[in-house]
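Presented as C-alpha cells, the chain that follows is alone, the form predicted alone.
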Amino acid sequence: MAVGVVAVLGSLALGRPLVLFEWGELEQVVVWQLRLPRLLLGVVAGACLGTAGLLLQESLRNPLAVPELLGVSSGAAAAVGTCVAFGVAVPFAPLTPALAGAAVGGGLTLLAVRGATGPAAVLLIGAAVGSACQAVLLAATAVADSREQGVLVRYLLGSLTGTTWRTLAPVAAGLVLVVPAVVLVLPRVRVLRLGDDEALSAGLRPGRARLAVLGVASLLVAAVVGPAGPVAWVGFFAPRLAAWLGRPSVPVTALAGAVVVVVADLVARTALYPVELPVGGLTALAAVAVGLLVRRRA
C-alpha cells in the first residue's frame, strides 16, 4: 500500500515542471490535464490486466495462462492496429475493435487446444495464435502511412503517452461492463480451480465455464489495450506479486497490477527525460526478473 501511495504521488509531482514546492497555473494544467488522466489509465490498465491474468490462471489451473500466451492481448492489439492502419471507422473505438480482437484471439486458442494434452501443449498453441496476431499487426504497420507507423510502433510496445480525459471515456464504458462480469464469473472460477471432476460433480460444465471466464478476461483486456496498447506481462506479474504477499485474491491482484503499471510508467516518463521509454518493455523486464526469481527459489 505504501508503495502505491508513493507511486501515485510521484506520478503527479515528478517531471517537468516539478510539482513539489510551487502550485501555479502551469502546474495545475500539467497535473489535472496531463498527469492525472495518465495516472488513472495506468491504474485501470494494471488492475484489469492483473485481474484477467488471475482469472485465466485459476480457471485453466496453469500459472502461465496469461493474456499474452492465449492470444487475447495480441488479438486486441491486432484489431486496433489494423483499424488505425487502414483508417477503418468503428463505432465506440477503440473499445469495440479491441473487444472483438481479444475474443477472436482467445477463441481461436480455445478451439485449437481441444484434444491437446498437458499445459505445455496449451501454452505452445496459445503462443502460436499470439504470434499470428502479432504478424497481422506488423503487416498492418508495414502498409500504413509513414505518419501512422510511429504511432503503431509505440502502441505495439505499450504506452500511456498522450492520455487525456477523452481517452478515459471508452475505458469508463468498458468498466461498467467489466466489474459486474467479474463478480458474476468468480464463483465459476473458484469451482474450476478444484479441477474438472469436482466441477462436474458440482453441476458445472467446465468447457462452458471456461468460455465464460475467457469472455470476461477478453473484456478486461479490451477495456485497456485499446487506449494503452498491449502492456506486456502484467497478467503474469500481478498474480505472482499478490501470491508473494500471501493474498492471491482479485482485489489484491488488481491493486498489485495497478502499482506495477504506475511505477513502470513513472520510470518510463522520467528515467531518460525528455525521451519516454515503452511501458510494456519495462513491465516485460519486470516479469522476466520475477520469473527467474521464482525459478531459482523452486
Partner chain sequence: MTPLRAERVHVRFGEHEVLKGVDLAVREGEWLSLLGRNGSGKTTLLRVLAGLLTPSSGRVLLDGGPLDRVPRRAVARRIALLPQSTPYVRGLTVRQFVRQGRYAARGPLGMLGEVDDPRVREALRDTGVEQWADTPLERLSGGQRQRVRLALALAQDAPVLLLDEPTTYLDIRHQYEVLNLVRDLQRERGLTVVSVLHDLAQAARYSDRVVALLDGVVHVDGAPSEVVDAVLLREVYDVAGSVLWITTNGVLKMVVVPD
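Everything quoted here is computed from the prediction, not taken from an experiment. Numbering follows the first chain given and starts at 1.
There is another form of this protein, the form predicted in complex with its partner chain, and it is not shown here; the text below is about that form.
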item: Per-stretch contact check against its partner chain in the predicted bound form, the hit in 84 to 92, 192 to 200, 126 to 134, 152 to 160 (non-hydrogen atom, 4.5 angstroms); value: 192 to 200
item: Its partner chain contact at V176 in the predicted bound form, heavy atom, 4.5 Å; value: no
item: Exercise: G207 in contact with its partner chain in the predicted bound form, heavy atom 4.5 Å; value: no
item: Proximity of L184 to its partner chain in the predicted bound form, heavy atoms at 4.5 Å; value: yes
item: Its partner chain in the predicted bound form - contacting residues of 209 to 240, heavy atom within 4.5 Å; value: none
